[in-house]
Structure formats: structure tokens, C-alpha cells
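Here we start with a single chain on its own, the form predicted on its own, put down as C-alpha cells.
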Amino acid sequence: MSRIEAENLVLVRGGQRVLDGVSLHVDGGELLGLVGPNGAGKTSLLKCLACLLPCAGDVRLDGVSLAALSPRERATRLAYLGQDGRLGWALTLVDFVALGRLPHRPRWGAWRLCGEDEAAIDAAIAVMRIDPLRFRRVDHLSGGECARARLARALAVGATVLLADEPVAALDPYHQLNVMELLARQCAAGATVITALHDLTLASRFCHRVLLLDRGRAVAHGEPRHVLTPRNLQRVYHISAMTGEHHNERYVMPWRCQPNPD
């Protein structure tokens, strides 16, 4: 299990604060959802947590600053899944998923799979249910197939922390639920997962906690039922929403555009 912490992250781009003093902590076994409208800072926060964007503040993994780790150490302990779903490479799916094992090679130029690599690749392909596509070129996959292949590549890393930016955005309802169930299982096995989501019901059902962002600031942080309230949703999204429970699980249904109550 790994604990990831961020303290007072500030990111300035184009003279504007994209992140303004955001702090968080996520323990092993937890699934944290990042929610908020477009432009709230979700993607920027994930990239800062992955050390893909320079920012002020500190990000620590198990008490050690990520800045103190080598790129290879970061790449083996933390997997990042961006939201760009385009795959233009003439690689088979299995070779594409195998790229997730690159940080584990003895040196960056060496590329010979060992038994551990092959097992990790096969497990990632199996868990995403894309084995029938194993030898298809990734530039011939559908949008949903690409999304599942990209998540398989991230899982093949075998990292204890997964940062996933809108992993269900291109998927149909069945595969959206399948991916969220998969992330929940990863957490149950001890992984730490932080994911950006737009679907508020998926965030309510599957996330242990959510961080609600707006214009680069943390508006609320805690259990979904205490964060995704009608008041907060009206304030941040400018919508009215219905909330309730089905089979003891909470749902949030955006219903109507509303002016900001403030």
C-alpha cells in the first residue's frame, strides 16, 4: 500500500492560477474522485501529482518527496493515464500494453520481456477483457477499445498508485461500470487510485472520498454524500440535481441548469 500526499499545490499558467493551494491525501486502498466543471483544474492536478507539470508545493509518496525520486522510480511506483485517447501507432495491442513495462527494464534501451513482464501484460489484457483484440493494431481500434487498451497499459506497470484522467469518458455504460468496478477491486487489493470523473453518480457509488474543484480551488473534500450535495452542485456546476439511493447506493442526477445561488 502507498500513501500519496499533496500540500498547497499552486500552478500558474499564462499569468493565471490554474491550481490555487490544493492539498490532499489518499491512503492505500482508497479511491479518490476528482470532480468539478470543465476547467476546474482536475487534469492539471493529476499532472502535478505525476510530476508532469512543474508546480509550487510538495507531493509525497510514502513520506518521500516525488522530486527526490528518479524518473524510473516514479514510473514504476506511479502509473498515469491521460485523457487523450488517440492511438496513431502501428502497434499490435499486446505490444502497446507491453509499453507499460518499460520502466522495469534494466535500462531504457533494453527490450526483452521476462516472465514477470509477460504475466503483468497478460493479466492487464485479461482484466480489461480485450484478449480477442490482442493482435489487432491499436490504430484500428474503436474509441472504446482504445480507452480499454490504454487502461490495460497503465495496469501493466504494476504501480501501487494509479492516476487516471477520465478513464470512462469514451465508454458505453457497461464498460463504464466495468472500469469503475475494476478500479474498486484495485483499491480492495491495496492500490491507491485517484481519478477525474464527470459522472457524479459513478463518483458517488465507487469513490471513498471526492474532491470538488472549482477554478483551481478545493470547494469540498470528503465522503461523496457530504460533498455532492444539491447546494454544492448548484454553487459549482450551476445546476439543480436530484439525489437518492438505489440498493443502498447513492445516485446524483443533474436535472436543470440553474443560476449561481451566490
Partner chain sequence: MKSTTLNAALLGALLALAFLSLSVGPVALSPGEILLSLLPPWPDTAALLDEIARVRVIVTHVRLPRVALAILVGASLGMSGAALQGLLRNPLADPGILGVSASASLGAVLCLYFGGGALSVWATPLAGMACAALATLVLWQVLRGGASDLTLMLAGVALSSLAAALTSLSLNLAPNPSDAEDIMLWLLGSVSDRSFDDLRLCLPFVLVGLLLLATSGLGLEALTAGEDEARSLGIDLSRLRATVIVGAASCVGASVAVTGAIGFVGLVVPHMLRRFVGFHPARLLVSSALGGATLLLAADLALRLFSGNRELMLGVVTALIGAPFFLALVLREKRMVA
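Bear in mind that the values here come from a model prediction, so they are computed numbers and not experimental data. Residue numbers count along the first chain shown, from 1.
What comes next is about the form predicted together with its partner chain, which does not appear here.
Screening Ala124, Met180, Leu93, Leu81 for any heavy atom within 4.5 Å of its partner chain in the predicted bound form leaves a single hit, Leu81.
Each of Cys51, Gly88 and Arg153 comes within 4.5 Å of its partner chain in the predicted bound form, counting any heavy atom.
Using a 4.5 Å cutoff between non-hydrogen atoms, His221 does not count as a contact of its partner chain in the predicted bound form. Although the partner is absent here, Gly190 is not a contact residue: none of its heavy atoms lies within 4.5 angstroms of its partner chain in the predicted bound form. Residue contact check for Arg134: none of its heavy atoms lie within 4.5 Å of its partner chain in the predicted bound form.
The closest non-hydrogen atom of Arg60 lies beyond 4.5 Å of its partner chain in the predicted bound form. Stretch 67 to 75 is the contacting one of 141 to 149, 170 to 178, 126 to 134, 67 to 75, since its residues have non-hydrogen atoms within 4.5 Å of its partner chain in the predicted bound form.
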